[in-house]
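The chain below stands alone and is given as structure tokens, in the form predicted on its own.
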């Protein structure tokens, strides 16, 4: 005889229904935010006082009917304020600060991830069934540019005052002149900033992406940087001679195919007394510890849809975005680093590891 179903706790059903509606509404608002970002509606509304949909559309050079419907979503989502008596819409400056401008406060570059991730959804679903993953090439050409746009404000605001300032005397050594490598350098923006600031040091960036390296070389040439060079290279086997005094990896380790090999290579490539600076996602290796992180659902989603699956697609270990500080420390020690200092949350999303 079949066991009768357990009676439902209706209060729990109601509470979860409300949570599900909140998730669905959040996804809906994120889609509309991405449209607003692409067509410049947030910039337009930040520059004008309260206005009707017709005025907003005219100022933005868009079709009023679409703008009016978009405004409906923004009002219901708590993004835009609406005055029914006058039929006017207003983007409060406190909201505009998180929706416009080239600063780390602008969160719209995060919503820009979702259309790109959704594009590979069928492939990720297939990987659930068959194993493997989605290769890095499936996210191109958009991914390189999007990562560049997302990361630049972070480096502008934090590179010198937080990341490079954390280890004792590192800034002074860079000013005096040392040899530096950046692995997984992307479009090379970070190297460009350092090469300009520290002309006595020499910098080389390694990355597998040909478009990213091409962009990095073009930017370095435009800036006249003679001390910055870029190479297309698998960072598991980048040159170890001559050795480097400093190697950096900014959000580049957790999605590697073989992160252990990369860390081992970094250790081999350092000169005596050399330093490895690794910026990576602030998280614990234990799920239960991440429940308090406000962005934890985003971490595991991006991991599933990009970081983990890209590694698995190429036969990698699939560390994932939330590999966490415990695993990071263990892997750094296994690679041969004897001293590891952790600076937690040097920015809202990342922690810094200083390994020697």
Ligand SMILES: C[S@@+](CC[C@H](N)C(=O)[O-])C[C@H]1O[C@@H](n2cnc3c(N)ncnc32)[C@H](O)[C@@H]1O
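Positions refer to the first chain, counted from 1. Please read these numbers as outputs of a predicted model, since none were measured by experiment.
Although not depicted, the form predicted together with this ligand is the subject of the following passage.
Contact with this ligand in the model of the complex, judged by any heavy atom within 4.5 Å, is made by just one of 196, 233, 156, 175: 233.
Just one of 278, 283, 185, 263 comes within 4.5 Å of this ligand in the model of the complex, counting any heavy atom, and that one is 185.
You can rule out all but one of 143-151, 77-85, 118-126, 96-104: in the model of the complex, only 143-151 has residues with a heavy atom within 4.5 Å of this ligand.
Contact check for residue 245: every heavy atom lies farther than 4.5 Å from this ligand in the model of the complex. Although the partner is absent here, residue 209 is a contact residue: one of its heavy atoms lies within 4.5 angstroms of this ligand in the model of the complex.
Not displayed here, this ligand is kept clear of residue 201 by more than 4.5 Å at the level of heavy atoms in the model of the complex. Although the partner is absent here, residue 250 lies within 4.5 Å of this ligand in the model of the complex, judged by heavy atoms.
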